[in-house]
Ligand SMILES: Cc1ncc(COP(=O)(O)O)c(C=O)c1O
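In the block that follows, a single chain appears as structure tokens, in the form predicted on its own.
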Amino acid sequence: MTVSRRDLLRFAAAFPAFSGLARARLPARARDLLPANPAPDDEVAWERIKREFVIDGLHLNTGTIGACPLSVLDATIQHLRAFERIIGQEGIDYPAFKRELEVFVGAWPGSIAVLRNTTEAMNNAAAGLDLHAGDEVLSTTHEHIGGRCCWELLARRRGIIYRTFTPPLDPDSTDELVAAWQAQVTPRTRVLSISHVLFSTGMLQPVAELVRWARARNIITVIDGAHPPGMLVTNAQAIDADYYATSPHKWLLAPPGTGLLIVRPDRIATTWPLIGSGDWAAEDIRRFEDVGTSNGSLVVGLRAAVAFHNSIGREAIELRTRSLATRLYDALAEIPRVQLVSPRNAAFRTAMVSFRIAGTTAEKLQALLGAARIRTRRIAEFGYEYLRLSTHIYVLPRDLDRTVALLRGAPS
């Protein structure tokens, strides 16, 4: 039996839980006509883009995991189905795919290892360094477990010193942030482990400036870049860190289980791989990627996610997501009980806004919004108790207005 689009729409109307099915079966050619480089306030264009997602409710937690657009879902599923046919499996043009990735994140040729997530990438960097007892790794008190535990493991196992400090969370200038890091460095400091964007507050750190300062003093830089690719226009060569780890399954909207480690070319051959397999002794990036059998369908989905972002425009996406965050920040600031913990200076804000509300808890606020089918992130780590909201391209101004209205009425 042939099922028409009209049949799908009729079925979706009868069963709202399956409303994404009609859109998911649209011909690919109908989804290729996405607006290119729309202005941040072009609501017609962003409404059209939102229809590429099958989100049930409102997703304000891209900082944890993004939602794949239909083109990414289709590419991943098609490749997986072909794989399961055994005969007629579809190959992946890795050289072309790697070139596309390198352009997207501004990486050096041959410098990107495709892994599973930021945590794995950070562990590759940490375990791959020849650090010894007494060597110091400096970081902050606002690190995600994915960028912190790799150093804690080395501290326990090898006796390195993992030291943290609290950076300025509402800085007036880049110089203030850089100076705060510089003041913490000691003669034993071998590594700066820096979050490009703090997971807790969304604050942007001056990674390029810190990397330049550190390299002049023979200090290694490892960047936890879980958030920027897909949210901010990212140029790894301009940052010039020794190691840059990221998770495309967040803001780049790739399938879960995709991660990247970008290694400065002069570091590749001297960094030990985390896993020993057939290419562990290779002097190129393969030494980090050969981990045994993995899921190539996720790589195909990652490639489709890069194409999706490029079709809209990386600059357009950054401007849209950050402008939505500013709208949200300003609206929250008008609520008397709200204490914003994201920076006041928009230059240091990204597309994540964190806050508290006096008289209640982040847990209760998350439950309040969850009851309205709004997914959020409670930052409970280190006792901070923030609520964090992420503003990606499937979020519209009216979504933020509804969210703020619910928060304004939050009971004490």
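Note that residue numbering begins at 1 and tracks the sequence as displayed. Being a predicted model, the structure only gives us computed values, none of them experimental.
The same protein also has a form predicted together with this ligand, omitted here; what follows describes it.
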Position in contact with this ligand when the complex is considered in the predicted complex, options Gly146, Pro171, Gly313, Pro206, heavy atoms within 4.5 Å = Gly146
task = Using heavy atoms only and a 4.5 Å cut-off, determine which of Tyr243, Phe199, Phe104, Phe288 is in contact with this ligand in the predicted complex.
result = Phe199
ask   = So which stretch, 214 to 222, 117 to 125, 161 to 169, 95 to 103, is the one near this ligand in the predicted complex (non-hydrogen atoms, 4.5 Å)?
value = 117 to 125
request  = Classify Lys250 as contacting or not contacting this ligand in the predicted complex by the rule of any non-hydrogen atom within 4.5 angstroms, answering yes or no.
outcome  = yes
query = Taking 4.5 angstroms as the cut-off for heavy atoms, does Gly63 touch this ligand in the predicted complex?
reply = yes
task = Flag Ala226 as yes or no: does it have a non-hydrogen atom within 4.5 angstroms of any non-hydrogen atom of this ligand in the predicted complex?
result = yes
